[in-house]
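The chain below stands alone, shown as structure tokens; this is the form predicted alone.
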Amino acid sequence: MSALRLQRAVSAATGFALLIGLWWFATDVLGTRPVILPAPEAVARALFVLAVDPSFRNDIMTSLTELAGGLVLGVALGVLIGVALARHRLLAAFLEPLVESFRFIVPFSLVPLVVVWFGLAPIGKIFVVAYACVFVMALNTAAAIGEIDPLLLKAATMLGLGGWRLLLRVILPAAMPRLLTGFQLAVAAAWVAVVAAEYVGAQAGLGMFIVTAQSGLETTQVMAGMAVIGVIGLALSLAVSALRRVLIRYEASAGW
């Protein structure tokens, strides 16, 4: 581990330690009621119990499955829209007003309508997740393509590349760093969206788990669920960061 990474790890650990210290002070020293803020050790015990609970593991897998489905759909559609915005004037003139209008509609506001359309089926959450990340990918893709050196595209065209070959072999590889940034933002937006969507219309999932616990005033369970959501979100972010480092290193070695 490099010195910089070690320093970052120590800083992160220090931040978490300070947070837990303040949490302990509020519960054990100030005596905050457990129904308002349970003690760290109580939440830790709840996490150990949940770790061996098959129904809770099913909630996690449900949320991750809905996340994966929505990401695949939203990212693919977002990249296609972004390419159209950057490379086709007529399509851009048609799509840009729609993108600029719909991207300001909060995905969570669609949940009541999605429940009417799809009921409590997972496809509804997949739709919300796809909606949450499609515009992030579209705008980042369009911006990434717009930043490509025109001389690179001209040289590729002179070598006989065009259409899909130009897109796949030159444009997307050249835009990869910005695309990965967009993907990282899309993953974060998608994870928030899937949990939020489960608050209202779901039969399983981490969001549904928290709502069920909250209805019974089981604050310890609520905070345990929140902790799991945060850890999974952190793991997803680190995974995308690792993918970014690998792909950008490969780009540099391949001369992209």
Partner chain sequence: MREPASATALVAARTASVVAVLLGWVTLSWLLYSPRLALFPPPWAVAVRFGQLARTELGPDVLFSLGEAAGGWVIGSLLGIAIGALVGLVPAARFVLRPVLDFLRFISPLAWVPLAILWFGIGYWSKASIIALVSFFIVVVNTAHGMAARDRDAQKVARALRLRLPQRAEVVLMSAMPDILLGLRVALGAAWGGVVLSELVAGDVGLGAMESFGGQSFDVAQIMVGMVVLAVMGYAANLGFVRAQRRLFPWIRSNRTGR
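Since we're looking at a predicted model, the values are computed, not measured. Residue numbers count along the first chain shown, from 1. What we label the rigid core is the largest C-alpha set whose atoms superpose within 1.5 Å from one form to the other.
FYI, the form predicted in complex with the partner chain isn't displayed, but the following is about it.
Taking a 4.5 Å heavy atom cutoff to the partner chain in the predicted complex, the contact residue among M61, L37, A68, A42 is L37. Although the partner is absent from this view, R89 contacts the partner chain in the predicted complex, with a non-hydrogen atom inside 4.5 angstroms. The partner chain is not drawn, but in the predicted complex it has a heavy atom within 4.5 Å of L113. Contact annotation for G31: none of its heavy atoms lies within 4.5 Å of the partner chain in the predicted complex. Contact annotation for T219: at least one heavy atom lies within 4.5 Å of the partner chain in the predicted complex. Residues of 95 to 129 that come within 4.5 Å of the partner chain in the predicted complex, judged by any heavy atom, are P97, L98, F102, F104, I105, V106, F108, S109, L110, V111, P112, L113, V116, W117 in sequence order. Superposed on the core, the two forms differ at A13: its CA moves 2 Å or more between the shown form and the other one.
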